[in-house]
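Let's start with one chain on its own, the form predicted on its own, as structure tokens.
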Amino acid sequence: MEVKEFEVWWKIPFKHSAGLHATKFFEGLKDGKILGVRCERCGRVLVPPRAFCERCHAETSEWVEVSDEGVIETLTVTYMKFTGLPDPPYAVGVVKLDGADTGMLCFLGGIDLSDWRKVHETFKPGTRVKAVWREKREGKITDIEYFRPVQ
């Protein structure tokens, strides 16, 4: 006998606490600043900020502002629709900002994303990019609309 499967959808309203570090990070975004924390033990600057350095397990408390420019470390382009995400095509990548030692996952844009070959000619590891900020910011990660190539 074959076991039956049913497709169901759950809608579960809840509130997610961002915690102190993420809250300060989001408040920085609202002011057009990207904030990270420096590990007092190894000196790395972690962006987005975390309460502990994942390498040293030391608490972090020294806040630093990093640039809104950096380099792409890796990326992918999506051409299929996923629930809760923008209509395709869209590109996401890990960007290591100037002044940071870790990468931040972000949207990439500012170019035509419909031809993946052209996308990969423009966006590749090492490509310099700059944040495109929303005019009206709300203290959310989406305050950075995307990162565009630096000419």
Partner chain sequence: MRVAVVGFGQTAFRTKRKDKTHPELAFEAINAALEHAGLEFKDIEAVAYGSMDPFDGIYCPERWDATACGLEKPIMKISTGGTTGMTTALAAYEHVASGLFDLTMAVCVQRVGECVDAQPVLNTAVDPIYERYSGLGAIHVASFQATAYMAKYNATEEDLAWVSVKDHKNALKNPYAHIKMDVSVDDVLNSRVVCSPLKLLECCPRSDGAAAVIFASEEIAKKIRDNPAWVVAETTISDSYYLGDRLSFAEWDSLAIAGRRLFRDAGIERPEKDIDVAELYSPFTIQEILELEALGFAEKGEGKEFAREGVTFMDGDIPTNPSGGVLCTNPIGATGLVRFGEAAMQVMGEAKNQVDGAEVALSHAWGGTLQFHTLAVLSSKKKLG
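Here the structure is a predicted model, which is why all the values come from computation and not from measurement. Residue numbers count along the first chain shown, from 1.
Missing here is the form predicted together with the partner chain; even so, the following discussion is about that form.
Visitor: Do residue 132 and the partner chain share at least one heavy atom pair within 4.5 Å in the predicted complex?
Guide: Residue 132: no, not in contact with the partner chain in the predicted complex.
Visitor: Is the gap between residue 101 and the partner chain in the predicted complex 4.5 Å or less for some heavy atom pair?
Guide: Residue 101: yes, in contact with the partner chain in the predicted complex.
Visitor: May I ask you to state whether residue 85 is within 4.5 Å of the partner chain in the predicted complex, using heavy atom distances?
Guide: Close contact exists here: in the predicted complex, residue 85 approaches the partner chain to within 4.5 Å, heavy atoms only.
Visitor: With a cut-off of 4.5 Å between heavy atoms, is residue 94 one of the residues that contacts the partner chain in the predicted complex?
Guide: Yes, residue 94 lies within 4.5 Å of the partner chain in the predicted complex.
Visitor: Taking the partner chain in the predicted complex, which residues of 76 to 92 have any heavy atom within 4.5 Å of it?
Guide: 76, 77, 78, 79, 80, 81, 82, 83, 85, 86, 90, 92 sit within 4.5 Å of the partner.
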